[in-house]
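Take a look at this single chain in structure tokens; it is the form predicted on its own.
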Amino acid sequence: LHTIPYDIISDWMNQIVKDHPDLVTRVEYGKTYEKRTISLLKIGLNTEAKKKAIWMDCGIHAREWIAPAFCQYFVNQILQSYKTDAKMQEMMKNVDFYVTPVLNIDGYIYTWKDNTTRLWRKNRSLGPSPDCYGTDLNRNFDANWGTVGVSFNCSSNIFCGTNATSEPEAQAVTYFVGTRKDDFLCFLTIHSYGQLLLLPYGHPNYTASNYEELMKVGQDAAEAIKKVHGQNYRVGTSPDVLYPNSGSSRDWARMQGIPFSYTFELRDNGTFGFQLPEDQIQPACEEAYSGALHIITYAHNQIYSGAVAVTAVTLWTLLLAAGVTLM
């Protein structure tokens, strides 16, 4: 596994569609500030039924190169396991996966320019003052926007924009997910680094209504991650395990009513930071896949395994009502 420039990721997306025409389509859903097309891979079986959905985006922060690599790994894995794994076949039938390998395309391309730009974080929009570029897209969503863990200084790495959802990249996600919010079971946004699983909310004064469940599912996902290569992931809200912040896509998704919303902070703990050595890319993706799959499977089972159980109970009740003895 390598980290690769955006044009190669884009070619890879087209190749995946070619290789799996029965399962994958490429969907364009927005434009960046520099007018590049933002697109995702929609993965799932075409059934006549209305389907639930899983969201995953990578590369909202330009310098976090491990994230787009993970999105590619994730797509390859679910398509591979679909061939033999009954659970994945069931999930592909019931849900569609929407995976955006690189959300902040302008910023990502900019980080490949040279060594001086490698650690760029934000998008590339022109700020309110001259010679001032970039908004932190993960402070730009309409979720307690501009309240904590942000800066209104355009030169800052955590500049939250001139107002909520001012940036075209944040607008694209807000529109695509927001207009289908009842379909989404799960919203996963992939970052680095720190080995954390963050749940809503980033503002210390707010608690998610399903906080206990989010913690439990997150802790089980961290256990699944640890089993792969022994790496520890800490689980909690951003104020509890990292720092308070507002305007994140994770918080926005939970506020839309999407029940399971998490930020993954992949390897490492700061030794290499954003410049993870090539030999760690594969293991980092393998362990994170295990954690992501745990959350997705749990979210799926809340809806679909429950339905099977309910049907059985209903049948039992009907038979009892009809006086049928089952023993």
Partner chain sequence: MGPKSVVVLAAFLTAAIGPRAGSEVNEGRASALEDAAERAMAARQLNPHHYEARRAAQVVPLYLNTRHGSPFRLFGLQTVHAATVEDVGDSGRRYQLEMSVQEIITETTEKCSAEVFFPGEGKQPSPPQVKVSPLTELLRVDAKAEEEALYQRYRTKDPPLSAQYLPDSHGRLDPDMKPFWHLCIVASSFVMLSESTEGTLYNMAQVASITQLPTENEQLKFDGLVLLHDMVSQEIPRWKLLFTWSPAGGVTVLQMEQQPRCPHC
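Residue numbers count along the first chain shown, from 1. Computed from a prediction, not measured in an experiment: that's the story for all the values here.
Below: the form predicted together with its partner chain, not depicted.
When contacts are judged by a 4.5 Å heavy atom cut-off, His203 does not count as touching its partner chain in the predicted complex. Contact annotation: Phe74 falls outside 4.5 Å of its partner chain in the predicted complex, judged by heavy atom distances.
Contact annotation for Ala164: none of its heavy atoms lies within 4.5 Å of its partner chain in the predicted complex. Not displayed here, its partner chain is kept clear of Leu126 by more than 4.5 Å at the level of heavy atoms in the predicted complex. Only one of the listed residues (Val241, Ile109, Val228, Met88) places a non-hydrogen atom within 4.5 angstroms of its partner chain in the predicted complex, and that residue is Val241. A heavy atom within 4.5 Å of its partner chain in the predicted complex is found for exactly one of Ser81, Ser156, Gln256, Thr174: Ser156.
The putative spot formed by Arg121, Arg234 and Phe272 is fully lined by its partner chain in the predicted complex; each residue has a non-hydrogen atom within 4.5 angstroms of it. Exactly one of the stretches 58-66, 284-292, 297-305, 32-40 approaches its partner chain in the predicted complex with heavy atoms within 4.5 Å, and it is 58-66.
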